[in-house]
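Coming up is one lone chain in structure tokens, specifically the form predicted alone.
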Amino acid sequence: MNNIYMPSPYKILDIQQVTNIEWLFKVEFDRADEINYGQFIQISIPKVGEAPISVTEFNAEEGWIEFLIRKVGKVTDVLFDLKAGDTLFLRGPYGNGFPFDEKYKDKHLVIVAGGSGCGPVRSMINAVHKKFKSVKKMELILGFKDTNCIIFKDEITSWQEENNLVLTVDKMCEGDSCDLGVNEGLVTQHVDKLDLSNIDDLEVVIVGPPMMMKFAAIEFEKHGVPEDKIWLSFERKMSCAVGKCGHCKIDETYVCLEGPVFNYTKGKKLLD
């Protein structure tokens, strides 16, 4: 009998500290060819628990995946004590992921991400940036609390070379220094810096805290973007991944099973 909760052991290949509370874990994985951008994996620690974590990058040929993990609970507390060579227990991938080939291919793709919300879209941005996936144009707004919270700085520098990228922090601190061309203000304050001249060709992806997604989507609506051209990821609501615990449920919707990616026509009803 197949046990849907049974994870498999995989070796941690590398760990990098990204910020004071966010580390990047690179783990061997023999099912990377099954992953779609925006999907998630259940990470288990025996006798401690498990946590759903978005896949931030993957390589099917080399057989590895990466997780951006924030130290926020008992499972992640233990994870931060591990080192390269130790074993993690994984099951998945789960969730629908972003419908790149069906909706975004050869379109004008706008991605708005806040804080650790950059994690679920990083692999998709890299795929477009490295020409593995085709779009007419990609524009990015990436928002963080302050310059100390900016993640993936080297990749942001690379993305800036070929794409319109607005990097913004909620508030500049006295003495802040950053050579990435940082703006100040919420992501919603920079939507008018995007090229929204051809809305028929546009698809907008928004990932971040619920309030950020809500008001960013409203801002795009103000600029004439139809609801069906906006996509949200409710990655923060993911739970057991198989619809058994009910913790991911919003009204009658199981985010783990139907999401975490939703078109705004449905996603707006899931926002508070």
Partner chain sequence: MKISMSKMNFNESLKKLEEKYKIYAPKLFPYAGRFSDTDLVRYAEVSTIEEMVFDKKSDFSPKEILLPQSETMFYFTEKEYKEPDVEEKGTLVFLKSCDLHSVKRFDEIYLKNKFSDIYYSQRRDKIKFVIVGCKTGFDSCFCVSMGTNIPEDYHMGINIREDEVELEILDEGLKANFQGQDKEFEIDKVAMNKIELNVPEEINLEDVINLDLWREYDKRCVACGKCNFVCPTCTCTTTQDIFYSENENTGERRRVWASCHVDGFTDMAGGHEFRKKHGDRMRFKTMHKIGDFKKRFGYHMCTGCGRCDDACPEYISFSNCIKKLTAVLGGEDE
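Numbering follows the first chain given and starts at 1. Please read all numbers here as calculations on a predicted model, not as lab measurements.
There is another form of the same protein, the form predicted in complex with its partner chain; it is not shown, and what comes next is about it.
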{"item": "In the predicted complex, K237 touching its partner chain (heavy atom, 4.5 Å)", "value": "yes"}
{"item": "Close approach of A84 to its partner chain in the predicted complex, 4.5 Å, heavy atom", "value": "no"}
{"item": "Heavy atom of E57 within 4.5 Å of its partner chain in the predicted complex", "value": "no"}
{"item": "Residue contact check: K244 to its partner chain in the predicted complex, 4.5 Å heavy atom", "value": "yes"}
{"item": "All of C149, H223 and P226 within 4.5 Å of its partner chain in the predicted complex, heavy atom check", "value": "no"}
{"item": "Answer option from W159, Y104, Y94, F144, heavy atom within 4.5 Å of its partner chain in the predicted complex", "value": "Y94"}
{"item": "Per-stretch contact check against its partner chain in the predicted complex, the hit in 43-51, 61-69, 214-222, 199-207 (non-hydrogen atom, 4.5 angstroms)", "value": "43-51"}
{"item": "Stretch 2-23: residues contacting its partner chain in the predicted complex, 4.5 Å heavy atom cut-off", "value": "N2, N3, I4, Y5, M6, P7"}
{"item": "Closer or farther in the predicted complex, the Cα atoms of R236 and G115, when the shift from this form is 3 Å or more", "value": "farther"}
